[in-house]
Every structure is written in structure tokens, then in C-alpha cells.
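Taking the form predicted alone, here's one chain by itself in C-alpha cells.
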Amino acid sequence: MPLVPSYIETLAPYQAGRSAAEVCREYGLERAVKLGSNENPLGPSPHALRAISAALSTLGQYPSGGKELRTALAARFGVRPENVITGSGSEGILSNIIRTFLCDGDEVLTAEPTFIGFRVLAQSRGVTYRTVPLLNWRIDPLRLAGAVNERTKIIYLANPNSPTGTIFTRTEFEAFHSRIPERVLIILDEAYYEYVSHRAEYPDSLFYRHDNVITLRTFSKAYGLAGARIGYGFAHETLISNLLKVKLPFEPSSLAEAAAIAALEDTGWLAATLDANAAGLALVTRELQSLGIHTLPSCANFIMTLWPDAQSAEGVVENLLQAGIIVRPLRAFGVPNGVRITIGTPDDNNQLISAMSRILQQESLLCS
């Protein structure tokens, strides 16, 4: 019997985006702009930074396990603490969901392409991982409903989806949910919720309160706390109580919890973040399209671009790296001709546009 199961040996680990320091060393640059990991270019709220500083004196003590943050989130979103779970990013909670609810012989179902972290976690459990294709670069919930079989245990839906930035609507979700058996657990990953929650057509999962739905959200994106690794989820108290049996008892860290509570209270910083992103998204989309680049309509803090082929996509990524701009190639997501670009500060965005214009003048990247 092998020491390592075959489904682990053959598993490709999730590859994080490249860091600015790494790119500067490799290309001999003094500065690099990181537009590859969908981080908040404004960074965390000053209130969150002060909360971290104040919490440093507690590092000799074990954290509470997220109790204070669960209470704060329950008050903010009108639920009970028993309906809330916290963890090391939404991926940490996702990992606990996989461990808690999947049994041998179960299957998971999702769309493709989507967040590859879910694929890694699901396949690490050794269960069957099935996908249905997007429709016009959007998740089609009814396609997923039609693919459910007697072994389907979990359906994963990212809304907005990454790497596309597209959403499915309330009408689509309601039609989908009416076709899903109660025994099937639906994960709604709303990592980019803050960027799209104002849209009337967006199906905010908390509006529905279905017993077989788990909502995942994070402080990594709009709240600018990616390095703190802090996320949260909402679900029926029975689901939460079972997840609490599996999660690490002292997760999240005391610093992350303090930062998240302070960030949640700083509504002005969040509003400034969303305003800056909306302006940057409109500018970058308009300018890239004016250069003849195919972009998908995005409801998040990034834009997915499509190129004639994989070689063209790889060429633009490499040329941008040489110019000190980090973007995300999408071969690992199953889109070899795709490149994802995060919205940055106004200076970052202008630098991207100028570099892209120069590259397209020098190269034949748009020629099919």
C-alpha cells in the first residue's frame, strides 16, 4: 500500500500569483506593480492597522476562535452568531466543508473555469470532480442542475466568478435552487460580494436563507486584508455546528480577528475602495477595448482579457513582466488564451495602459 494516495500524488498544488519582490529580482527592476492577485490597491483600513497594533500585546495568549468576529458579523448581517463561521480566508472554511461533508463515493460539481482552489481541495479528498462548461463566459446554474446525479453531494458556485468576473442572476439562481435536492449542499462563494451587492439582479445568498446553502465571503478583497488570512461564512446552525467540530480551535489568529472587526466598522474606507474600483474598472475596460483587446464585462475588481491563442497570451504576460507589471495568466484555470488583470491605483492603471499600448505596437499579439 503506497504511503501517499494516488489522488494526492497526481494533484497539482494551487500556484499563488507572483510577488513584486520576486519579479524585481528576476527582471532587475526597482519597482513592480502587482495586478495579478485581485488585492485591494488601497490596502487595509487604517482602523484595521491600529487594531492589529493594539492586539500585539495579546500574542502570548490563544485566540478566541473567532467568537467576537462572529458576533460582529451576525449583528452586521442580521443573523445569529450560530449562523456564522470564521476561518483562515474563505479557503480555510472551504477546506473544512470538504472535510466535514464529503464521504467516499460522493461527487462534487461545479462550472469550468472557476476558482481553482476549490478543485485542489476537492481532489485532495479523492472524490470525483465534475464540471460543466460556462455559457458565454457565465456560469449557467441550470446546466449544473441538469448535471446532478445520485452521487452529487456538493455544488460550488462562485458569484462573481473568478477568473471571468461575470455573475448569474437572481432569476437564474432561484430556478436552479428549485431543481436541487435538499441532500445536495450548495456553496455560494461570494468573495467579491462587496463589489456587486448594489446590483438589483445579484442574488445575495443571505436573502434566501436556504438550509442547504453555505455562503462564503472574505476580508481579503474589498477589505484589503489578504495577508491576514481571514474569511467568514453563513449557513443554517446545524451546518455551522458540524463545521465547528472540524475547524482548528484557535482559528483565526487574534491579529486577524481584531483587524477584521475594525475593518468591518470602517464603512468609509470600504466606500472609498468601491468608488476607486468602479472608476478604475471603467477606465481600464474602456482603454483596453480601445486598443482592440477582447475584455469580458466584470462585476468584480479585475478584468479577464482574451487573446487569439495561448502564445499571444503568454507573450503579453511576459512583455508586461519586463515592464514591471504583474498580471495573471490563466492556463492553470483552463483558459490558455486568457489573462486576468486586477484594477490598481490610478497610477497603476495608467502604467498598465501605457505599457499595453507600447507592447501592442511592438508585437503582433492581436493577430489571429
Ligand SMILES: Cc1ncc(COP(=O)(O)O)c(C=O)c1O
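Computed from a predicted structure; not experimentally measured. Numbering starts at 1 and follows the sequence shown.
One more form of this protein, predicted in complex with the named molecule, exists but is not displayed; see below.
Candidate stretches 103-111, 184-192, 70-78, 291-299 - the one whose heavy atoms come within 4.5 Å of the named molecule in the model of the complex: In short, 184-192.
Flag residue 156 as yes or no: does it have a non-hydrogen atom within 4.5 angstroms of any non-hydrogen atom of the named molecule in the model of the complex? Residue-level check for residue 156: yes, a contact with the named molecule.
Answer with yes or no whether residue 86 is in contact with the named molecule in the model of the complex, where contact means some heavy atom within 4.5 Å. Judged by the heavy-atom cut-off of 4.5 Å, residue 86 is well away from the named molecule in the model of the complex.
Any non-hydrogen atom of residue 229 within 4.5 angstroms of the named molecule in the model of the complex: Yes, contact at 4.5 Å.
Using heavy atoms and a 4.5 Å limit, would one call residue 90 a contact residue for the named molecule in the model of the complex? Heavy-atom contact with the named molecule at 4.5 Å: present for residue 90.
Between 96, 218, 205, 273, only one gets a heavy atom within 4.5 angstroms of the named molecule in the model of the complex; which residue is that? Answer to the contact question: 218.
Can you pick out, from 176, 115, 269, 129, the residue that has a heavy atom within 4.5 Å of the named molecule in the model of the complex? Contact residue from the list: 115.
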